[in-house]
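As structure tokens, one chain now follows by itself in the form predicted alone.
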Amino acid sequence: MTLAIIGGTGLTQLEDFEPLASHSVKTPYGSASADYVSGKLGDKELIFLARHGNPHKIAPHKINYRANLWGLKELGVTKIIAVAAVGGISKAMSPAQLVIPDQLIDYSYGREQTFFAADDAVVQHIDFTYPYSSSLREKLIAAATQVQIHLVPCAVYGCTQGPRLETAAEIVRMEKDGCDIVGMTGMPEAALARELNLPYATLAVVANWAAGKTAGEITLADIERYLKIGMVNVALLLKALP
């Protein structure tokens, strides 16, 4: 099984996924967020990992990203699609919309960013000009076209620290920086995948308008409602992957 799906908020369990076995992997970086579950989605074999644990209990800044990615590599995974709930900043990013980001800006801090942090490690300067795999992004876009799901094919993902949501002023700043969507788990996950030479792409689901983009407050009920809609399309899209 060469494909892995990392599920974020709203995707602790993948719809229509038939689990066949669970795997616990010892890594040099400790334990992963949850057991890795191998199984089938339609006619596709894959490995699923719940990024925040199952049940959802690990905050974005507490996730052991290094263990998660290392374990996938150990299990023979060769490509990763990361599903993420995000807030919408630019006009096209309305709630329940699917988005395939092509760039990111990292505002997080204090997270373990690299596999090469040990004192005796050889420093590695990975090329991160384009943080997402173009071939995986193209496959996601093609699958969406096949099942007639509208998605936004390019966007800049801004990764914040969390677990709190952003202030309206922070979103104004991020919009000026060029961010279209905001999430909390895009980094260092994408960079660690690159260090392991694992093609990686994000399939983002807009769960809410970002702070200040609507007159009212952001409510958990609204987030859950839009995520439920979006995740149905995520499952359809993933099953249609070429």
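A residue's number is simply how far along the shown sequence it sits, counting from 1. Quick caveat, the model's predicted, so the values are computed rather than measured.
Omitted here: the form predicted in complex with a small molecule. The next part is about that form.
- Stretch-level contact analysis of 26 to 34, 191 to 199, 178 to 186, 61 to 69 against the small molecule in the predicted complex, using heavy atoms and a 4.5 Å limit, identifies 178 to 186.
- Proximity of 86, 166 and 207 to the small molecule in the predicted complex is complete: all three residues have a non-hydrogen atom within 4.5 angstroms.
- Among heavy atoms of residue 160, some come within 4.5 Å of the small molecule in the predicted complex.
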